[in-house]
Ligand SMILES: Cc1cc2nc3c(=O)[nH]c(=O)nc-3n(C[C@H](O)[C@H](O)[C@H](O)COP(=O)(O)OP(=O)(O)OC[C@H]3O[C@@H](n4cnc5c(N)ncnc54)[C@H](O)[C@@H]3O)c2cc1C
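Just one chain follows, in the form predicted alone, and it is written as structure tokens.
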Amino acid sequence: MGGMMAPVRNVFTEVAERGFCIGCGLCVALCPAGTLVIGFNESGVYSVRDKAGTCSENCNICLRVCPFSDYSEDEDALGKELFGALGGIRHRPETGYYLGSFVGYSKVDGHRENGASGGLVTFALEALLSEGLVDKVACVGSTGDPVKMFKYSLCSAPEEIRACSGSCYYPVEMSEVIGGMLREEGRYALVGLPCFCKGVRLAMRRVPALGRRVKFILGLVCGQLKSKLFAECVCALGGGDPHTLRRAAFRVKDPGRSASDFGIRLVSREAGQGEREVLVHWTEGVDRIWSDRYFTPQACNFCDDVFAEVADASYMDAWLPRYSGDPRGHSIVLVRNGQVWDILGGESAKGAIEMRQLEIGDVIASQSGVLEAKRRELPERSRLAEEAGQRVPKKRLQLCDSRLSAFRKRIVRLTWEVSGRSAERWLKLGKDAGRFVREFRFLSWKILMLRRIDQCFKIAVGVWRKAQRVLFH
């Protein structure tokens, strides 16, 4: 009597069922059999599933384009192929390849005020359109749909791009826009997080039509994504109703606060009272939810790309003391594509943007916290996963410095616990912010105390090393 046939391996069996789908949607757009679909899972994260089980045994395209698949090339291989032979190119293990870097902001009305940091992503996308280098750009904007509040759209006019400006701490997926690019001939630019940029590059190598049509990829430096439950929790912290959350605006600038103390504006519907709007600033509890890794997808715990290494240019906040106090915001840009560099340099000469050269060491220092989480802590998270019997994605552990203090290792273990439990407990407690905060209060206190002790330890080690240099040199 024959046994049951084993299921064909695909991105659902090899990535999603292990909890490592980041929800980019590329596999759904490219699946020849149309068997893959994507939607929110119970944790509020996009995840792919196999609706029909009709994959061909000879088709592995979904595994080849997935940024968290063990069957795809890593950022080092892709970066070398894309940028390694360019004249004047340089390389750092933290950033990947780069031609140059600068700090600045857009001087175009509305860009800096309404955009994240200095508004240079909006400026660059508009410049690519106005220069006639692309026909449409794919970027993320608000939908007005409370079930799916943000999504990718294809924009062909500056006003459409401006409507998509700003940050989005909410899940999005690309299946619709990638499908649009495949159906319609044209030249496209796309802006995305590191994992999304990697997925698109992988797809461009295997789908010739996409490789011809995507002309520019702009990357956003990323520490972690959040599930849609993150927005619900912040809404509840501000006194809104997380069950009726309808709209959200992230990174709302306040002229009376530093650039890092931005607000999150959330609108919910109150029974019999219409809509209620709340504004919660970073230092009013959001910082702890973020840094302690509440509602962080499992895939983000195993990402090693900080600077969107396969993007033509990468954009980030200028988290440096001389810039972070300015509430208007500054952008740091790391450029790898000579055409992008020439465009930005020309616009700077015209006075459309402020553009000051920034040393690569300062670029790296501006993202020190993200590097700490993605590079130094990754080996410890991998160890914790293996300890729990989980098979983790193949990542570039050779780039990671695993020398963590005992305090930092304990912090990683506790934030790992928070990341794994927070979604389930938020739902189980009925999205009651008071009960949720109380349940995690002791855990949060331990993390806070350990962070303070670890910081004191780092200062003491720094003083000791400086004294050693003085004494023996």
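All residue numbers are counted from 1 along the displayed sequence. A quick note: this is a predicted structure, and the numbers were derived from the prediction, not measured.
The discussion below concerns the form predicted together with the named molecule, not included here.
Participant: Select, from the options 271 to 279, 342 to 350, 77 to 85, 363 to 371, the stretch whose residues sit within 4.5 angstroms of the named molecule in the predicted bound form by heavy atom distance.
Facilitator: Only one stretch qualifies here: 363 to 371.
Participant: Quick one: is Pro242 in contact with the named molecule in the predicted bound form, heavy atoms, 4.5 Å cut-off?
Facilitator: No, no contact at 4.5 Å.
Participant: So in the predicted bound form, does Trp319 come within 4.5 Å of the named molecule, heavy atom to heavy atom?
Facilitator: Trp319: yes, in contact with the named molecule in the predicted bound form.
Participant: Going by a heavy atom distance of 4.5 Å, is Pro297 a contact of the named molecule in the predicted bound form?
Facilitator: No, Pro297 is distant from the partner.
Participant: With the partner left out of view, is Tyr97 within 4.5 angstroms of the named molecule in the predicted bound form by any non-hydrogen atom?
Facilitator: Flag for Tyr97 set to no.
Participant: Thinking of Thr13, Tyr71 and Pro393 as the candidate spot, does the named molecule come within 4.5 Å of a heavy atom on all of them in the predicted bound form?
Facilitator: No: none of Thr13, Tyr71 and Pro393 comes within 4.5 Å of the named molecule in the predicted bound form.
Participant: Though the named molecule is not shown, can you say which of Cys235, Val335, Val221, Val200 has a heavy atom within 4.5 Å of it in the predicted bound form?
Facilitator: By the 4.5 Å criterion, the partner-contacting residue is Val221.
Participant: Looking at Phe230, Tyr323, Tyr315, Phe216 here, can you tell me which has any non-hydrogen atom within 4.5 angstroms of the named molecule in the predicted bound form?
Facilitator: Going through each option in turn, the one that passes is Tyr315.
Participant: Within 4.5 Å of the named molecule in the predicted bound form, counting any non-hydrogen atom, which residues from 185 to 220 show up?
Facilitator: Contacts from 185 to 220: Val191, Gly192, Leu193, Leu220.
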